[in-house]
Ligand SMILES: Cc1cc2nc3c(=O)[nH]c(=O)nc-3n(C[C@H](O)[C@H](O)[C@H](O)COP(=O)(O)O)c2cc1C
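Encoded as C-alpha cells, the following chain is the form predicted on its own, with no partner shown.
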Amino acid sequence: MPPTTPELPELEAIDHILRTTRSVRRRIDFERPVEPEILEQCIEIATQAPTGLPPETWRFLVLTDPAPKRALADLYRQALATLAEARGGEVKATQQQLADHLHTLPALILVCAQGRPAPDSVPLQVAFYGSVLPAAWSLMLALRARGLGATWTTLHLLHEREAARELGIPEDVTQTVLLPVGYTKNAVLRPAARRGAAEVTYWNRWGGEKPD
C-alpha cells in the first residue's frame, strides 16, 4: 500500500514536537535521574535518522557519573570564559547558568562520529557532518517527546582534544553536539519567533519568487 499522511491528531502532535523543541537550560529537574532505558530508547530513534556515509558512523557517549560530567563541565566553563572575553565580557544569562550547573545535569550526551572531516573539501565536510547531525536532532526530538529537556551546544569543542583525553575518546573520532539532558520542571515550551517561510524561501533560482 502507498504511504499515507498521518491522521490529523497525530500530525498535530508531530508538528507540536517539531515546533516546540527548544533548548532547556533552567527548567530542569536536577534531582531526578534519567533512566538509562529511556536514553537508549531515544538513541534507538536517533539511529533511524538519514545518513549519507555508510556504514553508520555515529556514536553516542552518555555521561551519568559525577567525575566525567565534572571534567567536561570544567572544559565547558573554560570555553565560555573564552567566548565571553571575545564578546567583551558579555554572555547570555542562560548560557552562564547552564555552564555553572552543567555538572549537575542528570545526563550529558555527546554525539560523535567515527573519522575526521576532510580538511580541504567542503563537499566532504558537508557529507561528514550531514551524516551525524540529523541523528543529534532526532535524539533531541525524541527526548522532548518523553518530557526531557536538552540544550544543543557545541561550545566545549573549543577544547575538543582535552575532552577526548578526559573521556577516552579515540583520536579518529570527532565530537559534534553536546546535549545536557534532564526531565523538564515547570517548563513552558512554545514556538519561537522566527521569520516566515515566505521570507526565507526562494523558488527555482536564488531570489526567485513563488509561482502563482
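Note that this is a predicted model, so its numbers are computed, not measured. For every residue, the number given is its place in the sequence shown, counted from 1.
Quick note: we don't show the form predicted in complex with the ligand, though the next part is all about it.
Asker: Out of Ser131, Gln114, Gln95, Gln78, which one falls within 4.5 Å of the ligand in the model of the complex, going by heavy atoms?
Answerer: So the residue touching the ligand in the model of the complex, by this definition, is Gln95.
Asker: Given that the partner is absent here, state which listed stretch (34-42, 58-66, 149-157, 166-174) has heavy atoms within 4.5 Å of the ligand in the model of the complex.
Answerer: Residues of 149-157 come within 4.5 Å of the partner.
Asker: Can any non-hydrogen atom of His16 be found within 4.5 angstroms of the ligand in the model of the complex?
Answerer: So His16 does not count as contacting the ligand.
Asker: With the cut-off set at 4.5 Å between non-hydrogen atoms, does Ala192 touch the ligand in the model of the complex?
Answerer: The answer is yes: Ala192 has a heavy atom within 4.5 Å of the ligand.
Asker: Residue by residue through 23-40, tell me which have a non-hydrogen atom within 4.5 angstroms of the ligand in the model of the complex.
Answerer: Ser23, Arg25, in sequence order.
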